[in-house]
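Presented below, as structure tokens, is a lone chain in the form predicted on its own.
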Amino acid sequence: MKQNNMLAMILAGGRGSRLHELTKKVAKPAVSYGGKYRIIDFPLSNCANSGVDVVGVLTQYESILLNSYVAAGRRWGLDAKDSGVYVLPPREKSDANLDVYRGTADAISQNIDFIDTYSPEYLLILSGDHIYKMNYAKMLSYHKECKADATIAVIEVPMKEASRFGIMNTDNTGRIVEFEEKPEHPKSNLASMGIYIFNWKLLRRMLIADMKNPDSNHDFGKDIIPTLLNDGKNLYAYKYKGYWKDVGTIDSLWEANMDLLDKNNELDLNDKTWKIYTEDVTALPQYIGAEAVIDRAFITQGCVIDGEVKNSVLFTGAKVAKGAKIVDSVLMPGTEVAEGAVVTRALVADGIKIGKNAVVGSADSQNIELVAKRVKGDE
């Protein structure tokens, strides 16, 4: 069902600094995930599957690869008449004379003219760096049923982790009565997922006022949502049940990939009813050598395995030589592990080569080791 009265804007301009070398030259939403996907594939596929035809992708840091990737709207079936994916870089200068978005709300404010072109009744705002599957059409139906001015998707998190999130406190009807940003003593465990539906005319007025406010952070969490609550507007929490992962750190990106090894994983990338679309990379089928040992692994096309792979995820074109061991690790596209090398509890970046008999990572390490530079081995 087409949602022609709702337009989507994906906030894809985060720096992703906690992913270290992975985002030095690549925007966080363009980082690889799950063997053959990129993180941005998930919100874009959700839009396509939900009948949201027009999507603006707001890019900023290290966005060359992301811009060219997103511009191919046909990947997600968003290239037909009256539909499309549009790259929207910032247009305003910062103090350092760079084009920047000053905050999440400012990113939308700078693109009011683009949104007005389509005259939407509702605006869907999404983060571009989360992994999940969601039907936005169902969220819109809930928004309409509640006669809401804004609806915020929430997910229940363990109470002990609630202080890490923006928390929505609601009454028994689901109406939001209070929003707390990373509260020290949270009153509920309903964490904001960074997914919003706004009535566009109301939000437009608020954004214009916010632009003129010199004391504003120009941010949805810090400014727009608190102002809506103070003005007595109807804000409702839409409870999401299912897989959702914020992959903002090396450990969480590793965990999200390792989750794919669980047979009961709710994400289910093979679900034909909710396909996750991505770039169709030309690659040979995977090759498993006669002496290879495979134990609980997610192996993508183009991989060549002659060694041992245990409890690991291998992306397109990864190679594991004879006598090499990969344990509890994630090998990103084009990784090569030479004979006798051992990789344990590590995330190896795109195209990295690990030399003969080299040892990377440790089963005892508390954190996942990121390998983003070539590791020399025996010559």
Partner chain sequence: MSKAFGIINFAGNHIQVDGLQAYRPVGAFSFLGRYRTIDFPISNMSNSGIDNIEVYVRRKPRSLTEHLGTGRHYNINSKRGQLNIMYTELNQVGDIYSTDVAAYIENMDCIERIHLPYVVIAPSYMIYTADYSTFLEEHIASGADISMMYHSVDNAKEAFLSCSVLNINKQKGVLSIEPNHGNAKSRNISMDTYVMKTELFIDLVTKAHKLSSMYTFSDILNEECENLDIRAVAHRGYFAAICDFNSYYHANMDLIDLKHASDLFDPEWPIYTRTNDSCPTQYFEGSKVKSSVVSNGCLIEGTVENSIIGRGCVIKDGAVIKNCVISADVVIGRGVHAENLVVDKHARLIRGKRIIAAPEKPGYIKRGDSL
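Numbering follows the first chain given and starts at 1. On a predicted model such as this, the values are computed, not experimentally measured, just so you know.
Not on display, but discussed next: the form predicted in complex with its partner chain.
Novice: Tell me, which of Val177, Leu284, Ile208, Ala72 has a heavy atom within 4.5 angstroms of its partner chain in the model of the complex?
Specialist: Residue within 4.5 Å of the partner: Leu284.
Novice: Which one of Ile155, Leu202, Val87, Ile294 is close to its partner chain in the model of the complex, taking close to mean a heavy atom within 4.5 Å?
Specialist: Spelling it out, the residue with a heavy atom inside the cut-off is Ile294.
Novice: Test of understanding: in the model of the complex, would Thr249 fall inside 4.5 Å of its partner chain by heavy atoms?
Specialist: Output for Thr249 is no: heavy atoms all beyond 4.5 Å of its partner chain.
Novice: Please run the contact check for Val304 against its partner chain in the model of the complex: heavy atoms, 4.5 angstroms, yes or no?
Specialist: Judged by the heavy-atom cut-off of 4.5 Å, Val304 is in contact with its partner chain in the model of the complex.
Novice: So in the model of the complex, does Ala137 come within 4.5 Å of its partner chain, heavy atom to heavy atom?
Specialist: Ala137: no contact with its partner chain in the model of the complex.
Novice: Decide whether Leu260 counts as a contact residue for its partner chain in the model of the complex under a heavy atom distance cut-off of 4.5 Å.
Specialist: Residue-level check for Leu260: yes, a contact with its partner chain.
Novice: Please tell me whether the candidate spot formed by Ile39, Ile64 and Tyr243 is one where all three residues come within 4.5 Å of its partner chain in the model of the complex (heavy atoms).
Specialist: Not one of the three qualifies.
Novice: Just to confirm the contact call: exactly one of 222-230, 137-145, 295-303, 180-188 touches its partner chain in the model of the complex at a 4.5 Å heavy atom cutoff, so which is it?
Specialist: Only one stretch qualifies here: 295-303.
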